[in-house]
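Heads up, the chain below is alone and in the form predicted alone; it's given as structure tokens.
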């Protein structure tokens, strides 16, 4: 089924992208666009558009007289949200989740400390609203609602840090949190201690307490890693 708004090349990507990231086409594999066009029952122009998207992610490269070649994993744009989504959907999920959660543990505590110094009144209010939304959805198996507030919370922290590099990681963190929920790498209800920590981070940021905001966020990321030990060993 073609993804709404993405056209036929989106249909191709939804299948071919996960196949590449899952290793079904190892690095160095040559993909023939005419054969792929026949397989997916699309025109060559549609196939070329799909290849251009894969090239933008550094998953493949096109060479004259050779074809479309799968790049080594070390060259992939592993920060691309779509690449993250595809990898989380495959057998590499546990390692991918751990890698991304370690990234979060390195970045988010520092971002929270900076947010306590730089957050605007509006951003502080947003953080509080998100944290309260997480509390409201933390019981009764309301993981989808909880996820919306959780993603928004971490986006605000990264943006409020005032560091444009941290802010650009918002999509990466969103994919990690979404992937954990969609692939059942979450408890049926969030850990109450983690929910409380988010409320406390919002309070620390509002109070301008950088050390406390950083320490509390570090507790959140440590807890996320410990959950992976149980749910995605």
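Positions refer to the first chain, counted from 1. All values reported here derive from a predicted model rather than from experimental measurement.
Beyond what is shown, the protein has a form predicted together with the DNA; the following relates to that form.
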For this session: Using a 4.5 Å heavy atom cut-off, state whether residue 170 contacts the DNA in the predicted bound form.
Result: no
> Looking in the predicted bound form, any heavy atom of residue 70 within 4.5 Å of the DNA?
Replying inline: no
- Item | Contact label in the predicted bound form: residue 43 to the DNA, heavy atom within 4.5 Å | yes
Item checked: Close approach of residue 32 to the DNA in the predicted bound form, 4.5 Å, heavy atom -> yes
Note: the DNA not shown here; in the predicted bound form, the stretch from 173 to 181, 34 to 42, 195 to 203, 160 to 168 having heavy atoms within 4.5 Å of it is 34 to 42
